[in-house]
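The chain that follows stands alone, in the form predicted alone, written as structure tokens.
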Amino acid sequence: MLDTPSIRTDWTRQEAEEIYDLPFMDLLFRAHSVHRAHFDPNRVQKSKLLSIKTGGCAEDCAYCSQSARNGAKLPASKLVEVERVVAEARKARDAGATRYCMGAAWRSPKDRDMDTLAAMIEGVKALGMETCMTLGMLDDDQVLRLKEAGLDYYNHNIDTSERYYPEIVTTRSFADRIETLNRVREAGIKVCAGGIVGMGEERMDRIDMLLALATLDEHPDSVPINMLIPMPGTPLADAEPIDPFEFVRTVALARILMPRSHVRLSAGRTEMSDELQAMCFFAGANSLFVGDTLLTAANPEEDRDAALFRRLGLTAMEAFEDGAR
């Protein structure tokens, strides 16, 4: 039986850099050993993501077509009706998703919207699904309202390293992101936090992004690793794609630094071959988004994912199953 690696929050940059720079096969072997010690390596958690309020965001995130500041000119929509959200969640559940994620293009929610958001959470939970929301920054009262409604996860990505962050976002600080994560965790809501690679960052920025999460008082329960999808009209529309092996290294480092977290393959899977995704699963990824749309970006269709799961012998986790050994 494999020894279970200890959970650490005191990783140093030198340690993380040495792991990231291991020979590729050694890195994959180490990451898979950690993964297998903590999880069934053949089970993957499936989430579905719905945009409940699109466009018109006051933030200037350079990767995002929903920003009102960056020239993508995506029309702003109103908050979606609760009935539609529940109906879409039911379809997602029936198609095999166990977690339903609801995202709004806001800097932070308005207090007038909190009752509607709470009703969405309650409606989705009544279907037997896990609930997740991403709404921007939250104050204490808003966090408490989401907790009372039964929210399971709150997503708030840190995007990149603290050093590179001002190159990507100027309308809020890296510290603002960390403050929101701490507020959510202290309220007893599970944290979902990761970042985006392929935005012109250096490899040290990818290491530092994961190190920032791995040295929080508690590791995020879910760590989404997004590959940038260059969106027309945004400042990163012409960004050079990240090297696939660098992407796998990022997944592997996330798994080693945060052994009990679900590491999610998020945006960018439309550009990944089946072989690249298989390497990511071997390196420790055990969660993904299903469905053909992620907010405003494309995602592999369910038939392709089903075929990949069959080829690799993967099975889906049940709702509220953490997959842990």
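These numbers come from a predicted model, not from an experiment. Position 1 is the first residue in the sequence shown; the rest follow in order.
There is also a form predicted together with S-adenosylmethionine; it is not shown, and the following applies to it.
Original post:
in the model of the complex, does each residue in the set H38, M209 and T250 place a non-hydrogen atom within 4.5 angstroms of S-adenosylmethionine?
Top reply: Checked in the model of the complex: no contact with S-adenosylmethionine for any of the three.
**OP:** Consider R177 of the chain shown here, and say whether it contacts S-adenosylmethionine in the model of the complex, taking contact as heavy atoms within 4.5 Å.
**Re:** R177: yes, in contact with S-adenosylmethionine in the model of the complex.
Subject >> 4.5 Å heavy atom contact, T116 and S-adenosylmethionine in the model of the complex >> reply: Judged by the heavy-atom cut-off of 4.5 Å, T116 is well away from S-adenosylmethionine in the model of the complex.
Subject >> Contact flag, Y63 vs S-adenosylmethionine in the model of the complex, heavy atom cut 4.5 Å >> reply: It does: once S-adenosylmethionine is placed as it appears in the model of the complex, Y63 has a heavy atom within 4.5 Å of it.
Original post:
Does S-adenosylmethionine get within 4.5 angstroms of any non-hydrogen atom of A267 in the model of the complex?
Top reply: Judged by the heavy-atom cut-off of 4.5 Å, A267 is in contact with S-adenosylmethionine in the model of the complex.
Original post:
Among 116-124, 181-189, 155-163, 82-90, which stretch has residues whose heavy atoms lie within 4.5 Å of S-adenosylmethionine in the model of the complex?
Top reply: Comparing against S-adenosylmethionine in the model of the complex, the contact stretch is 155-163.
Original post:
Which of I242, A214, L146, L135 has a heavy atom within 4.5 Å of S-adenosylmethionine in the model of the complex?
Top reply: Contact residue from the list: L135.
Original post:
Does any residue in 220-251 get within 4.5 Å of S-adenosylmethionine in the model of the complex, counting heavy atoms only, and if so which ones?
Top reply: The stretch touches the partner through N226, M227, L228, I229, M231.
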